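Following this are structure 1 and structure 2, which are two forms of one protein chain, each written alone as structure tokens.
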Structure 1
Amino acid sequence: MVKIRLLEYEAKDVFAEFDLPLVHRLVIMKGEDVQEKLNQFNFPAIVKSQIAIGSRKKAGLIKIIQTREEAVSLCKDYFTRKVGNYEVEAILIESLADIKHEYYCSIALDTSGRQFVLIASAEGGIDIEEVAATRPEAIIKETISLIDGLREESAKKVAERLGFSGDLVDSAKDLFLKLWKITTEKEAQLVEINPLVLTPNGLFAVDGKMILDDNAVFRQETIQELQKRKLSDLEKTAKQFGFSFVELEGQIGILANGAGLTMALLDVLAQHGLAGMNFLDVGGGADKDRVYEALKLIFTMKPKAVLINIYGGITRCDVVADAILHTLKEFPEAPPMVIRLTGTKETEGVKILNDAGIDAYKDMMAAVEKLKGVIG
């Protein structure tokens, strides 16, 4: 299951489709005329870089500006920014809200309970996990029946528990019901507003987050369009050749088979003070071409070293060994490689590598220790 995380402006486009209350906003895409677009907007305003990282404000990627001239300069600066492997491709400009109080609300999939939950708190605007850990009594949770959905009386009860009264109870209730409609119609795993703010003009969603499941891609046009826009060149290559791939922020290229084995390897590296540059599960029964394409992809990332961890079941160690040698012939300046092979055709695979002057380890921890020595 692959999760697709919407950027804030993308989530708010969905919110607008379902008539959730939003402040006046403008989106500028990279390559558009910033000056011309900003002539359509009144200031002061808040300028938000649309980039897939947390803590954008701490990174200086969200700022309040007073004039159009400041906004133009800031937008041009943001479009030059690159954080990790992400570039700013869009900027969201929003009118400032006259905030009286901040709340949190979301509908989230509880995978362990196989159910959805409406979560709310009168302490919005900060990390909800921190609130849950330090003040669990401040978190309201209402289980949603998959048969009956979110009932009006349940939504109203949560609104009242948040301290709303009068017309605000109905406003909050209707908002919660719309979040549930978004969840079901878009097949979302998370729909979140943090903060939901109270202003003299009522409630507004001033931030938004959505997580979708690409298992629903065949019936969700929203997901199809997002996939086209969001996949990096490396991710498109991985999708083309049938292996799972995620870019990370470490220095060690990772190739393994099996999602669990790959995750366990990343955990072991972290325990030894090392960090993977990627998650790459080449999959069961990977043939020579797929292993070659996976290694070629990793080499293009220019890691400090590469760690290969194959536990042969359906995947054959001799096939992997042949693919490694074939790839190294094409990439004579490849980074140092540490290889662990065990399982089906292990003896043959190790011999193929040894005959080429390449060591192969049977024990994963021995391979990790060797890796530590390789990268210093």
Structure 2
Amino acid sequence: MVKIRLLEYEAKDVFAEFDLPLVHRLVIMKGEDVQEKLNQFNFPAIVKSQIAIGSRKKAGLIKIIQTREEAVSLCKDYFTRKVGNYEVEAILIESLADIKHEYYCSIALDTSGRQFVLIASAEGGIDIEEVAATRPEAIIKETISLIDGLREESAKKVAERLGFSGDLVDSAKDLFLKLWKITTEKEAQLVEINPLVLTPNGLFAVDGKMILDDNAVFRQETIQELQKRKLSDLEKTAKQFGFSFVELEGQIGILANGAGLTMALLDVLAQHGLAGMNFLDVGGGADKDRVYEALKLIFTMKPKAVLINIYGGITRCDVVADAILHTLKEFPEAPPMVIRLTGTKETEGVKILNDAGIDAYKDMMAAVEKLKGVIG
């Protein structure tokens, strides 16, 4: 399950659509004329790289700039930056806010509580988690019934508890109600403003985060658009075929089904001094194409060996076995494979492989021992 995290500028586009108070801003996409774009903007300003990593400030990817000339050269520099697999795809430039105070607010899904929660604090900013851990009384939480929605009086109460008075109570209340509107209309699991700043001109959302529910993709245009975003080739294949896929540090390619079993498998390998090159959960009910594409993806990573571990429930071992044979025909130079098949149609699956002269194990530990032999 891939969660869809919006970059700050994408979240702010949504905020703007719902009329949340934002400071003056400009977005420059990679490939656009930086000089020309910046001609429309007044300095000093804050220049923020849009990249899917945390602590951008620490990495030097957010800076306050005094002049347009500095901004042009900084933007050009930012567009060459790469952190891990991520590149700076866009830059957000914003006017500086005259900050009197920083607040925190969000609406977040509490999965185990099965409810949404409006969370707010008068002690916003980067240390909010520490505030939550050391002084929980400084965090206000208001649960929201999906059937009733966020009530106006609840939103107002939270605004008052934050210490607002006069017109600011209404601005904060409206802002919370808009966060709820975004949550339900865009199907978000998180809408976060940190910090929400108080200036002489009122409240402004200075940083924004959103996570959308990718399960709702079939009815959400915003999610469909975001899924077209630039991905690495590996991620593209994974997304296209619905694999959960994570690159790891080791040398053994892993194809398994079920997130829990795949994780347990990696844990057991680690206990035996073996390290997986990837986490790949091929998903429930995998058909021939999905197994083929998963193996192809793993082969491109050039593993020393590949471990296939399928416990069929809704997935059928005979289908997987056919797919393995089909793939091997196309990749005669494939790395050595250790295969373990059990569960639904296991007898048929094992027979298909054995008939083609390929060993298949029913027992996991036997497969791990075999793998140790193959790796040497």
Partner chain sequence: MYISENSRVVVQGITGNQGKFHTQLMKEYGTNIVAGVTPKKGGQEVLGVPVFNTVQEAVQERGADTSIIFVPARFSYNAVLESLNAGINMTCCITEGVPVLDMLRLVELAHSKELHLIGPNSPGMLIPDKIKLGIMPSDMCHFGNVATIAKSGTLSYEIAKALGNADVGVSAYIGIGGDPIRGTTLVEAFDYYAAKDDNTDIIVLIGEIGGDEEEKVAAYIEEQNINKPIVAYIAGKSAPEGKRMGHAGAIISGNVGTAQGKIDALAAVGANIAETPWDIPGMVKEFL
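Note that this is a predicted model, so its numbers are computed, not measured. Here, rigid core means the biggest group of C-alpha atoms that superpose within 1.5 Å across both forms. Please note that residue numbering is based on structure 1, beginning with 1 at the start of its sequence.
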item	value
Chain form predicted together with the partner chain, by structure number	2
Large Cα move at residue 71 between the two structures, threshold 2 Å, rigid core	no
Shift of residue 330 between the two structures at or above 2 Å (CA, core fit)	yes
Core-aligned CA displacement of residue 256 at least 2 Å between the two structures	yes
Residue 239 CA shift between the two structures in angstrom, with the core used for superposition	2.7
Cα shift between the two structures at residue 308, which is computed once both forms share a superposed rigid core (Å)	6.4
